[in-house]
Each structure stands twice: as C-alpha cells, then as structure tokens.
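Below sits a lone chain in structure tokens, taken as the form predicted on its own.
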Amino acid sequence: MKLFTLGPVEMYDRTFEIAKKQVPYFRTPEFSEVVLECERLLKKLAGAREDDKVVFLTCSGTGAMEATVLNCFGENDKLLVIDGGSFGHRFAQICEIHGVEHDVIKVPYGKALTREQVWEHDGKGYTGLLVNIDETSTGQLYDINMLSEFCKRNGMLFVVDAISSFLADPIDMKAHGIDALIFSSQKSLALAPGLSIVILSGRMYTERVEGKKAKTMYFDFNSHIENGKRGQTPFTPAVRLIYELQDMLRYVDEMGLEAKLAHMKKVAEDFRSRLDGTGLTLPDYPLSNAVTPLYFPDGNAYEVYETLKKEYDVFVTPNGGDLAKTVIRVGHLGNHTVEDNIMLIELFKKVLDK
C-alpha cells in the first residue's frame, strides 16, 4: 500500500518500531518527562512564545476545533469565519451549534481569498477570526500575513487551524500573532490519527481561558493546562501516540525546521512540474505544500481514484459532493520523495490512457 492521502499519511519506519512495543503505564514521572519534552519541542517548531500553553487532546482535529471555540469564545463574541470549503464550513457549524455569533466570508471553489473580501469587514466589531489556513478540501493556502495584519488592525483574536499546514508551510505563532494554533498527529507529523494539539497564546489564556468554566468536562482547557504543568492530562491520553510524537519531534528538530519545510516544498513543486502530458490542471489560487488538487476535465476523477486503489494499491484523496467527479487531491505529507512522484505520475498516465 502507498498513501498519497491527507491523513493518515505515509509513515516512517522509525514510527513502526515504536508502535510495535507494549504501551506502558502512563501515570509516572517517566511519562511526564516525555510529555514535557513534546511540549517544549512543539513550541519551538511552532514559533510559540514562552508563556504560551500546550493542550494535548485525544481526539481528531475536529474535536480540537470545537474545543477551541468552546473554551475561547461565547455569547458576547462576534466571530469572522473564512468558509472556503468543508473544513472552513466546519468552523461555522461549530459556532452555530454553540450559539456563537459569527459571519462568514465565502470563498467559492476555484477562487482565491482576496484582501478586498477580508477588508470589507474592517472595523465592524469582530472579536476573533477563525481560519483553516490550508483549506484541506481545496488545497488553497490563505495569506497568513494578510489575515494577521487584519486581526492586529482590528484587535481580534487569531485562531489558525493548521491541521494540514503545520510543518508543511511556514507558520510562526509569534511573528503572525496567532492566539490559537490547532494541528493533529496524522498529517505532517506522519503518525496515526487520534492526537490533536492546541497551542494557546498567553493572551488567549489569560483573557479567555484562565478561570473560565467551560461547558464541557472532557475538553476543559483549564483542566488540561493545570495537569500539563506536571506533564500529564486529566484523562487517559493517546499514550503510544505521545511516544511516537516524541520521536518524530526529535527527528524534525535534528533535521531543522527550515530543512523540513524545504523538503515539503521540493516534493510538492516537483510533483506539479511533472503534470505536462497528463491533461490534468491546477487551480489558480495559492497552494499549500501539503496537497495538490488536480482537475479532471473529463469528469472521471473518482474512476481514476478507484482504479489506483483496486489495481495498484495506491491511494490518493477523492473529493466529495460537487467536486467528486472532477477533483482528486494528492497529498505530499509524510514519507514522500521525488521518486514517489515519478511513480504516481506514471500511474496517472497509465490509468488515463485506458
């Protein structure tokens, strides 16, 4: 099996070596040290500030998105949500469910988010902005500098879902003024699903979280942060995943963040450079290094996905809804090389020639 999907992704042999070991008991000083090391390395790689807080959640990325809204916003807020696909829309759904007032900026498929769309909302009393910085359903990478500027200008809290963008595209919490950064284990960290992480700015913690009674038990950030001081979580964590996370963070730290991002960019750009002769095209908007969305003009995208899966045991990411017949997304996250790109392009050509 070869995965060019967006989660789970192609994993590393080093992770399999950890995964085959017995899961140890975790209410120990030894496990606490593992958690505290993960926290330190995550803050380093995310460009977090010294007083930022790390929350480890045993859930998918959607759970972390909902937990962030639950803990950080309420009935007195007015939020702005970038809704450019199924994941941006998910933020809007979460706000709707929990009664948080919000407006959306709709970004139709194939169109780039523009400064004009954002600045239409300037000075209108919003308290926070929620964005999936790489809208994973379309591959569009929004301009984080532009959104950061808008939030600073309007005194807004800046919440960035970087679930598919963390360690794939440049993100720096301090430089971009990010107040909550959300990501998960099954993307560029190349681990199994089940662990999500939220890093809160000191401002978000002191102004919005500290001492607040959130309407949730399992996702109460105050409880997680208090337990985190001793390297623990309030409930059973994804123990094995945290050991795998420790190893992967050490690996990335030794490689260096710039080298990691450079590799991601190299693989993504190499794949896109090889599309000549396939008949497949790219959208015009800016793309994340995490994913390449491919347009199939003959409307046979899902058939190609099925053929790759059944005949070659190769998995790409299909789209649903209106884009099911015309778009496939190729993920570059995880253990991928230029040689993998060559193999996949050849398979695309072979299947399309049929």
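Fair warning: this is a prediction, and the values are worked out from it, not measured in the lab. Quick note: we count residues from 1 along the sequence shown, nothing fancier.
Beyond what is shown, the protein has a form predicted in complex with another copy of the chain; the following relates to that form.
- Taken together, E10, A19 and G194 are fully in contact with another copy of the chain in the predicted complex: each brings a heavy atom within 4.5 Å.
- For the options V252, M264, M156, I94, the residue carrying a heavy atom within 4.5 angstroms of another copy of the chain in the predicted complex is I94.
- A single residue from the set N76, N145, T236, S273 has any heavy atom within 4.5 angstroms of another copy of the chain in the predicted complex; that residue is T236.
- Exactly one of the stretches 115-123, 170-178, 215-223, 101-109 approaches another copy of the chain in the predicted complex with heavy atoms within 4.5 Å, and it is 215-223.
- None of the heavy atoms of D322 is located within 4.5 Å of another copy of the chain in the predicted complex.
- For the chain shown alone, T58 is a contact residue for another copy of the chain in the predicted complex, at least one non-hydrogen atom being within 4.5 angstroms.
- Heavy atoms of R240 reach within 4.5 Å of another copy of the chain in the predicted complex, making it an interface residue.
- In the predicted complex, another copy of the chain sits within 4.5 Å of a heavy atom belonging to P29.
- Counting a residue when any of its non-hydrogen atoms is within 4.5 Å of another copy of the chain in the predicted complex, the hits in 304-318 run Y305, K309, F315, T317, P318.
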